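Shown next as structure tokens: one chain only, the form predicted on its own.
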């Protein structure tokens, strides 16, 4: 095992320069861990971790998880994969390879060094759900040949691999299904609804809504999500998941747009566009399992979270 001059766990965060990954690196360092951030910078950004580069307990490796990685670590958070439709549809074959080969490589590493490994899965495993709200027993409604399948099916296969490594090789796994998460450090051009709407509103551009805006999402602020990830990683070994992590408060997309216009005092107007294929109509997590097993539930409401996120994008546009 590699030597470090302090008593802490060595934690690998794949996708560590991304939106969620960089916040996770922050929190793990605050808790006194030695953190290795691995990223290929396809969607991750060095500015997300720039403030950490001088920290002696922080290490960065530029690496694509499609290829094996050999490290000595105690915990692995596998967050490596583009998570917005714009990015994961740009190269769908690479997206599937990142989910599947990435899972194989982190699981192989975990098996070799006996590390605990957490898979950041997604609410997209439920597809366009026929059950509402979605709980972990629901098997989903996914179009396996649609334009979103590279991400949906890639993440579903990754879950399969995690549970097979657990059953076959006794790897200590955790699987979380992340619902829509937002906050500072979202990529300004990632095509996700919160970042899209805020960027458009701050520039007084039309707010583009796909369909009539009646589809729903449930938005969890990033700080709450990081709390959930860490609680799951350090929870009891007899609870491996999958477990939903998200905010159960459901919002219509058109209502979100109007909310953001009000908070930004924007002159933007709504512009309605054609609805994309396989876009889920409703999305709301049942988090009763997370409440029971982890004692976790979100604490930051949409108003407070949006104000923080809007300020981040305002500073970004101002070049701060």
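Model, not experiment: these values are computed from the prediction. Residue numbers count along the first chain shown, from 1.
Missing here is the form predicted in complex with ligand UDP; even so, the following discussion is about that form.
Heavy atoms of every residue among 192, 209 and 215 are located within 4.5 Å of ligand UDP in the model of the complex. You can rule out all but one of 271-279, 49-57, 288-296, 27-35: in the model of the complex, only 271-279 has residues with a heavy atom within 4.5 Å of ligand UDP. Remark: residue 174 does not count among the residues lining ligand UDP in the model of the complex, judged by a heavy atom distance of 4.5 Å or less. Taking non-hydrogen atoms only, residue 197 approaches ligand UDP to within 4.5 angstroms in the model of the complex. Within 4.5 Å of any heavy atom of ligand UDP in the model of the complex lies no heavy atom of residue 156. Contact check for residue 253: a non-hydrogen atom falls within 4.5 Å of ligand UDP in the model of the complex. For the candidate set 85, 133, 184, 140, a heavy atom within 4.5 Å of ligand UDP in the model of the complex is found for exactly one residue, namely 85.
Along 145-181, residues 148, 180 each place a heavy atom within 4.5 Å of ligand UDP in the model of the complex.
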